[in-house]
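Just one chain is shown here, as structure tokens, and it is the form predicted alone.
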Amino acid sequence: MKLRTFIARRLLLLIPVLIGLTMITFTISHIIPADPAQAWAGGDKADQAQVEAIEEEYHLNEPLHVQYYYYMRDLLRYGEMGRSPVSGRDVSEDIKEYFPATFELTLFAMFFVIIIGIPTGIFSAIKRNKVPDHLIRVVSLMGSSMPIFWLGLLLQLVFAQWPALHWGQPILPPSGRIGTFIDPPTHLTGLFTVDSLLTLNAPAFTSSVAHIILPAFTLCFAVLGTIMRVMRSSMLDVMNQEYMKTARAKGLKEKDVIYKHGVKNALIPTTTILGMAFGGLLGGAVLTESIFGWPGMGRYAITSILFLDFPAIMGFTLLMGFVFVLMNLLVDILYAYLDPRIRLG
């Protein structure tokens, strides 16, 4: 099957997946034992006329299947995700504001995962059962078992609060996306690091990079441990294959055998973890963003849940579902590149 046909078929399959996702999320979010209209109108002190107006606007006085019909009608006909009763804006506008921050944070987290996790996993396999291998395995286990909120608070203490207390200045900022006295760069992509580079805004670039290091490393740490273990296991399996022995028998240097013949094949299972990890980090940054005051989708989602903001919850879920399916597609394409024996079918 040609790559173009494969991509087109997978994109078509995205439609029923997202429809099923909307049905499940819409049903679960709307059957909770609470009155969203009263919560949106101000809680116990809400005016009854205002509550009724909200119910009429959002069709909350209609049966559940009718509410779902109106939601899908607006989504498919107009591309509207609904108006958030909390922010007072269309959900798509909220997503445009908050999503770039989370996307930028996830990109940096994945950068740390790739440049640290993959080389470390390879090195651990090469030094199997030696001291470096044991140390790396301990670190990987710590990554899988250490709570994110605890790691985030620890990093803030070590790199921000303690240096500020003793030296008068933190090594890295403890929270926020950019310095208090630095203007954000001109909005081009919504990614502060990219926009500051494109506009040659050196102060904004330096500040945005400094602010993103701690939350990005915190977010990536759990995935980092998984990637280390998977890469080590894949390399150990590959190093015992016949083609590796043949390459050594031909007189190739061990370095060439490992990096030219072994790493590419060992990356196949690791690619799956990386693809799924990207989607997981993108949607699972709630704790990290809360600890570091990062204005992204994680904080937006948790605020929406607390205030029963159904349109925002649906918009967030749709976006994350689309990202997961898209990452699955990219992983399958990478499979074919890494191993020509794999056929897209």
Partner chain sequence: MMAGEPVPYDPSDELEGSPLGRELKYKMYLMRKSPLAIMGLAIIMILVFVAIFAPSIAPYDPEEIDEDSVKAAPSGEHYFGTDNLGRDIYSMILHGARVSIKIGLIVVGISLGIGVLLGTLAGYYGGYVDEVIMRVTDMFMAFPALILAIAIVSIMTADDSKADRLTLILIALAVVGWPGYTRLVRGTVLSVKENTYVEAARAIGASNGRIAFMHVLPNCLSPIIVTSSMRMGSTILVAAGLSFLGLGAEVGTAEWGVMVASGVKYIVHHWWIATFPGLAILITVLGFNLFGDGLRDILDPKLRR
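Owing to the predicted nature of the structure, the values given are computational and were not obtained by experimental measurement. Rigid core here is just the name for the largest C-alpha set that superposes within 1.5 Å across the two forms. Numbering follows the first chain given and starts at 1.
This protein has a second form, the form predicted together with the partner chain, left out of what is shown; the following refers to that one.
- Look at 262-270, 236-244, 86-94, 208-216: in the predicted complex, residues with non-hydrogen atoms within 4.5 angstroms of the partner chain sit in 236-244.
- Taking the partner from the other structure, the partner chain in the predicted complex has a heavy atom within 4.5 Å of a heavy atom of Leu21.
- The partner chain in the predicted complex comes within 4.5 Å of a heavy atom belonging to Arg229.
- Interface membership of Ile115, defined by any non-hydrogen atom within 4.5 Å of the partner chain in the predicted complex, is ruled out.
- With a 4.5 Å cutoff on heavy atoms, Leu107 does not count as touching the partner chain in the predicted complex; it lies far away.
- Checking Val131, Leu165, Ala202, Leu188 for any heavy atom within 4.5 Å of the partner chain in the predicted complex turns up a single hit: Leu165.
- Of the listed positions (Met142, Leu252, Leu75, Ile182), a single one reaches within 4.5 angstroms of the partner chain by any non-hydrogen atom in the predicted complex, namely Met142.
- Proximity of Thr120, Ser124 and Leu224 to the partner chain in the predicted complex is absent: no residue of the three has a non-hydrogen atom within 4.5 angstroms.
- Within 4.5 angstroms of the partner chain in the predicted complex, the stretch 137-152 places a non-hydrogen atom from each of Arg137, Val138, Leu141, Met142, Ser144, Ser145, Met146, Pro147, Phe149, Trp150, taken in sequence order.
- With the core held fixed between the shown form and the other one, Gln67 has its Cα displaced by under 2 Å.
- Superposition on the rigid core between the shown form and the other one places the CA atom of Ser290 less than 2 Å from its counterpart.
- Core-aligned CA deviation for Ile302 between the shown form and the other one: 2 Å or greater.
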